[in-house]
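Read the single chain below, which is given as structure tokens and is the form predicted alone.
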């Protein structure tokens, strides 16, 4: 019998997850289907219950549901608890839901294994203090950086996250306008700037010839952040395509017990 999986979000028609997971299934010879399922926030509980009753085996979760799902699952993995967000749901034979978060491991695997970017004993900067940042900070701190700075337009949210994750490693907070005199080895854009086509007012001084820049967003052409980074002299600039594929592979491993080879899929991405 074919097992059913999918990704829930709103909107969701643009999602690349069905293509990725279908290729994983073909590669691993797994009998499953994977579909994009649009669920508006006000219908999340009702439609999630309907999916469970229909026999779906697992779901990925994307915006705007990653935080709301936390209160709807029966159990959370350690990394989902740390992130305060869920992007992967496993459903057992009794209908119980376990929430996990594969965003952080997807990012660190893309950075270290695919791109060869060193994180240990390096200075890392995350731009933005929203939900995307929550999902990646624990995994980044797990790589033992020299320091991790969270910068935001206003300092309050960044300071809250720095305090929240302080026990995991050296994490600091500041406003965007306080970055000009600081130097970093890796800059990660976790703002939603790409959605509006605008780049927040990051000081151009943070871009040096040796810095690596990574945008969690992705596009068929340069995202606004990637364009901005290249314009100011960054030579090592990457979008979040690799993270997308790697977090999906981690979800597939959770569901099927098989880790797919991501290289063939990444080779066909922009």
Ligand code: ATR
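Computed from a prediction, not measured in an experiment: that's the story for all the values here. Residue numbers count along the first chain shown, from 1.
One more form of this protein exists, namely the form predicted in complex with the named molecule; it is left out here, but the text below deals with it.
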query	finding
Interface residue in the model of the complex among 98, 81, 122, 157, criterion: non-hydrogen atom within 4.5 angstroms of the named molecule	157
Contact assignment for the named molecule in the model of the complex, among 139, 148, 111, 190, heavy atom within 4.5 Å	190
The named molecule contact in the model of the complex: residue 169, any heavy atom under 4.5 Å	no
Heavy atom of residue 87 within 4.5 Å of the named molecule in the model of the complex	no
Contact label in the model of the complex: residue 107 to the named molecule, heavy atom within 4.5 Å	no
Partner contact for residue 118 in the model of the complex: the named molecule, 4.5 angstroms, heavy atom	no
Among 68-76, 90-98, 177-185, 126-134, the region lying within 4.5 Å of the named molecule in the model of the complex by heavy atom distance	126-134
